[in-house]
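Presented below, as structure tokens, is a lone chain in the form predicted on its own.
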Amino acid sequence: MTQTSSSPVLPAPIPAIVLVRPQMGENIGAAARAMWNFGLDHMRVVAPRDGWPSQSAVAMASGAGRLLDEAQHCADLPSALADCDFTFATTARGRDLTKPVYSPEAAMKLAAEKISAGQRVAVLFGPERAGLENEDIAQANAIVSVPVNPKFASLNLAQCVLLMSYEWMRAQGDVTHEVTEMAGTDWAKGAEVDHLARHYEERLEEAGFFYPEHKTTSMKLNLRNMWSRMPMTRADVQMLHGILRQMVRWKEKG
């Protein structure tokens, strides 16, 4: 693992995740995993309680061990922030400090804007016991406040890092909000749906379904509307054709 006493250098395209006086190596490792889940790989560790490097952090990091190998060890917070243009401090409590307060989503959108403009951004996370001290927050430009249950506001360090890392990925536009797995098929074309509709109309007509006669037109219209409203795949259409054919065969056998 890298130990750096001089001012670190932050790669411009991503924010630095700065863990201030973390107490447990396991939480540092879990934070590294959370970062790597969402494409962040620049960690700075400020005065960890149990020293550095940390074997317990390595064990917990699992596949994200590279982040710890490249993590920068800083003796104090000013040296960790020496190259940064803008710093966010995460906290769940009011601090009686006059600073802008952002939600995680708004903070990471702003971070993305600043980084795109060539600035260097850091996000501070405090020690597990009580979070960041006012002296730490005073060195930040803005606060990030996570909306949590006021009766139980304490977040695990790695959980908080994961939340902010996820919002960073969202700010990059890398989150797909909805997708349909097609499972080897494609969406049915209009002609295929029309053929299915006519197949059912014909068979239902033979079965006497459209009754009474004066309601036939509206019943057929509703049936057509149902088919067009349903998002069907080609496999769905083929199955529905098959169901109807089998029902007709079963009736004829009877």
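All of these numbers come straight from a predicted model, not from anything done at the bench. Between two forms, the rigid core is defined as the largest C-alpha subset superposing within 1.5 Å. Residue numbers here begin at 1 and follow the sequence given.
Below: the form predicted in complex with a further copy of the same chain, not depicted.
Participant: Identify whether a further copy of the same chain in the predicted complex is within 4.5 Å of every residue in the set 207, 242 and 247, based on non-hydrogen atoms.
Facilitator: Checked in the predicted complex: all three residues contact a further copy of the same chain.
Participant: Exactly one residue in 97, 75, 130, 82 has a non-hydrogen atom within 4.5 Å of a further copy of the same chain in the predicted complex; which is it?
Facilitator: Flagged contact: 97.
Participant: Report yes if any heavy atom of residue 148 sits within 4.5 Å of a heavy atom of a further copy of the same chain in the predicted complex; otherwise report no.
Facilitator: Yes - in the predicted complex, heavy atoms of residue 148 and a further copy of the same chain come within 4.5 Å of each other.
Participant: May I ask you to state whether residue 42 is within 4.5 Å of a further copy of the same chain in the predicted complex, using heavy atom distances?
Facilitator: Although a further copy of the same chain is absent here, residue 42 would stay clear of it in the predicted complex, with no heavy atoms inside 4.5 Å.
Participant: Using 4.5 Å between non-hydrogen atoms, is residue 120 touching a further copy of the same chain in the predicted complex?
Facilitator: Heavy-atom contact with a further copy of the same chain at 4.5 Å: absent for residue 120.
Participant: Verify the contact flag for residue 138: yes if a non-hydrogen atom of it lies within 4.5 Å of a non-hydrogen atom of a further copy of the same chain in the predicted complex, no if not.
Facilitator: It does not: once a further copy of the same chain is placed as it appears in the predicted complex, residue 138 has no heavy atom within 4.5 Å of it.
Participant: In sequence order, which positions of 98-130 have a non-hydrogen atom within 4.5 Å of a further copy of the same chain in the predicted complex?
Facilitator: Residues within 4.5 Å: 98, 99, 100, 101, 102, 103, 104, 105, 106.
Participant: Inspect the rigid-core superposition and answer whether the C-alpha of residue 204 shifts by 2 angstroms or more between this form and the one not shown.
Facilitator: After core superposition, the C-alpha of residue 204 moves 2 Å or more between this form and the one not shown.
Participant: Can we say the CA of residue 244 moves by at least 2 Å between this form and the one not shown when the core is superposed?
Facilitator: Yes: residue 244 shifts by at least 2 Å between this form and the one not shown.
Participant: Would you say residue 21 moves its Cα by 2 Å or more between this form and the one not shown, aligning on the core?
Facilitator: No; that C-alpha moves by less than 2 Å between this form and the one not shown.
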